[in-house]
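Presented below, as structure tokens, is a lone chain in the form predicted on its own.
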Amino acid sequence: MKGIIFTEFLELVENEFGLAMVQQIIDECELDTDGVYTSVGTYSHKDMFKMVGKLSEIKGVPIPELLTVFGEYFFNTLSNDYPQFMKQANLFGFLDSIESYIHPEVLKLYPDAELPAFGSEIKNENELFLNYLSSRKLSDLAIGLINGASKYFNEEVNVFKVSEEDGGEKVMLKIKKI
């Protein structure tokens, strides 16, 4: 998993709960890196699960909720750092371009990135289905990213999990404009 995900997560924790909370999470998790991450490094996704799990335990916030909030936060970073990916006219066009444009471009920048796969199907102007596929089982993070994108494109949506298979490796999401 790319380091930017770790550095942004820890920044979010610091912004929301303070530097002491970041240190507590690092101290109480047995992390492969001892809590040292650079945005360009590559790290085990297991460290992310440990930190999110520890924050959930400490704050009493469910893991899916934390991942969704983080996804929304992280989208702001991505849209600021990679404006070339934001050239779509609307949310559905953006989501539909993930596999055909965004992910190939990300792989040019970061050839070792392990990206989730997304299959999209625009049903009509108000409804899109997005199939998420990843062994990391982070569909709640993807939902947060979608929420962040909907705010970026100024389009209100509801995101629903329609189905989930293989413990979260395959998730069908329905995005419906409000």
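One rule holds for the numbers: they count along the sequence shown, beginning at 1. Just so it is clear, the model here is predicted, and its values are computed rather than measured.
Missing here is the form predicted together with a small molecule; even so, the following discussion is about that form.
Asker: Are any of the heavy atoms in residue 61 no more than 4.5 Å from a heavy atom of the small molecule in the model of the complex?
Answerer: The answer is no: residue 61 has no heavy atom within 4.5 Å of the small molecule.
Asker: So, residue 118 and the small molecule: in the model of the complex, are they within 4.5 Å at any heavy atom pair?
Answerer: Answer yes; at least one heavy atom of residue 118 falls within 4.5 Å of the small molecule in the model of the complex.
Asker: Just checking whether residue 2 would be counted as a contact of the small molecule in the model of the complex - the rule being heavy atoms within 4.5 angstroms.
Answerer: Yes, residue 2 lies within 4.5 Å of the small molecule in the model of the complex.
Asker: Please tell me whether any heavy atom belonging to residue 114 falls inside 4.5 Å of a heavy atom of the small molecule, as the geometry stands in the model of the complex.
Answerer: Output for residue 114 is yes: heavy atoms within 4.5 Å of the small molecule.
Asker: Decide yes or no: are 13, 40 and 46 jointly within 4.5 Å of the small molecule in the model of the complex, with each residue judged by its heavy atoms?
Answerer: Contact check failed for every one of 13, 40 and 46.
Asker: Of the options 128, 55, 142, 31, which one has a non-hydrogen atom that comes within 4.5 Å of the small molecule in the model of the complex?
Answerer: Contact check passes for 142.
Asker: For the chain shown here without its partner, which stretch in 120-128, 61-69, 142-150, 22-30 has non-hydrogen atoms within 4.5 angstroms of the small molecule in the model of the complex?
Answerer: Comparing against the small molecule in the model of the complex, the contact stretch is 142-150.
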